[in-house]
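The chain below stands alone and is given in structure tokens; this is the form predicted alone.
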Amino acid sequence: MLGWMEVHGVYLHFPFCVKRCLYCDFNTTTGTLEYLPEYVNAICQEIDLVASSLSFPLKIHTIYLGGGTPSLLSVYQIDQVLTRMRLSFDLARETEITLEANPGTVSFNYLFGLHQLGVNRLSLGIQSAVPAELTLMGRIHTVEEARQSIQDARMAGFDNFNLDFIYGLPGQTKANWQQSLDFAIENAPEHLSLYALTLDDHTPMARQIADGILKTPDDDMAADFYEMAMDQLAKAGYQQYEISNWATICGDTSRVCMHNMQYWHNQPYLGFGSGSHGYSQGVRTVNVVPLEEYIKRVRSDQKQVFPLSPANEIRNEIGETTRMQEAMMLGLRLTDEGIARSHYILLYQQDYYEIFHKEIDRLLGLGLLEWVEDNQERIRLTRKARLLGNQVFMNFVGDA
């Protein structure tokens, strides 16, 4: 069982969108903004219910407002949520507070207001710097609006923000991807997240591909784009610290996303809002998705034992074997850091090489894993394995 005093992260989900992107399979809704005031009140109530089940304030060091489009909330509504967080938990002095924003929904005044509230990290969903690709994806912003949002964020006081991009789009050319990479490097964000396009069958873009309206994405081309990004971002001074993430490192100051590190280090976090996930005290929770059902459950005001919430639809206890397997899969995502044997032993009282020596030796032989130090203290993915992460991770999945 995990210690009660472990520092947690908090994820807050806001599923509201102006328009659903054609590739999107996330928990999002459109045409439901009338629920927003009720939803904000409900998420504040859920925070209070979970926190009140503890006899002491839980320590929190990261807060992430994701979606959906959290930037559809007013500054006042963001203030409501952050005030409830500060009243309910023991926030670290330098708590990382990230808000996801769509460039088509923000202004300088809005961003300035967020910064004044204590939001100290912004994640802007740019996705592409090619107008035709933005149209293809169904994005609501233009390239110029994206550039203006970045300038406004700087002027508003943000010195730590992320830009999201997607590669491997149907018909995407090398020149188009180069245009997005150039845009990213020229605007010098502290953090970049680059994601290969993945499509579920029921998304509009997947149906267009199945109907022959769009070209089938080229996996080999997507791999080339990933290689381009690794090479060019390294030259631009970015450190790739995770399969899909790069950050600037200046002296002792690193701009890695501390909230996501919470996940990759297999550390506890709480999830609030419809469809949100949490993991604490060896229990994984998932909240109900429909807005009305979520609000109804929270309003029931049913007292629960931490970390449970009345909004939970799924509650699964995670056994020690599964936790150890997940620690391998998550930790190996950290392309530079990898997994230290000494830290793993401290957490699980077992050496991962003793548990998974057959799998590790086979992957070492295939050139997909490498020891970082000569004393074999730390292991990580090789460069070529970054393109094959899922195939590597599956080696550590088994009966728990």
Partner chain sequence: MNDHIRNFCIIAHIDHGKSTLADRMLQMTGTISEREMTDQVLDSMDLEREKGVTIKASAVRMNYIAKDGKQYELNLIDTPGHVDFNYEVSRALEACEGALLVVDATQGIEAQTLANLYLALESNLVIIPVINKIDLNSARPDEVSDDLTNLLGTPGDQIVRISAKEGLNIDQVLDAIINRIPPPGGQGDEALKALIFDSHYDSYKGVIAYIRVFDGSIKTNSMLRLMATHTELKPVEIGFFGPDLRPVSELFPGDVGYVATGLKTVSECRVGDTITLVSNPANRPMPGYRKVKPMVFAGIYPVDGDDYSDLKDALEKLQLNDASLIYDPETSQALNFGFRCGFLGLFHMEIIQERLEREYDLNIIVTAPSVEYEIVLVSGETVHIDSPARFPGEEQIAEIREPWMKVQIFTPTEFYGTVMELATKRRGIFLSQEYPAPNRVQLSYDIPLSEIIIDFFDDLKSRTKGYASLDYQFADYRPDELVKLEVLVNDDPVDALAAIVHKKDAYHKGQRLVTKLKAIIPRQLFEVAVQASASGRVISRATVKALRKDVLAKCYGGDITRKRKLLEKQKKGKRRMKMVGSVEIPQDAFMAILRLGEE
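None of these values were measured; they are calculated from a predicted model. Numbering follows the first chain given and starts at 1.
Although it is not shown, the form predicted in complex with the partner chain is what the next lines describe.
Name the residue from 86, 115, 154, 277 that puts a heavy atom within 4.5 Å of the partner chain in the predicted bound form. Filtering the options by heavy-atom distance leaves 277.
Which residue among 90, 320, 293, 227 has a heavy atom within 4.5 angstroms of the partner chain in the predicted bound form? Exactly one listed residue reaches within 4.5 Å, namely 227.
Within a 4.5 Å heavy atom cut-off, is residue 121 in contact with the partner chain in the predicted bound form? Contact with the partner chain, no.
Taking 4.5 angstroms as the cut-off for heavy atoms, does residue 108 touch the partner chain in the predicted bound form? It does not: once the partner chain is placed as it appears in the predicted bound form, residue 108 has no heavy atom within 4.5 Å of it.
is_contact(residue 176, the partner chain) in the predicted bound form, heavy atom dist at most 4.5 Å: So residue 176 does not count as contacting the partner chain.
Contact with the partner chain in the predicted bound form for residue 244, defined as at least one heavy atom pair within 4.5 Å: yes or no? Flag for residue 244 set to yes.
Heavy atoms, 4.5 Å, the partner chain in the predicted bound form: which of 68 to 76, 128 to 136, 206 to 214, 236 to 244 makes the cut? Say which one. Going by heavy atoms within 4.5 Å, the stretch is 236 to 244.
All of 222, 330 and 395 within 4.5 Å of the partner chain in the predicted bound form, heavy atom check: Looking in the predicted bound form, the three residues 222, 330 and 395 all sit within 4.5 Å of the partner chain (heavy atoms).
Within 4.5 Å of the partner chain in the predicted bound form, which residues of 261 to 278 have a heavy atom? Give them in sequence order, or say none. The stretch 261 to 278, when checked against the partner chain in the predicted bound form, contributes 263, 264, 269, 277 at the 4.5 Å heavy-atom cut-off.
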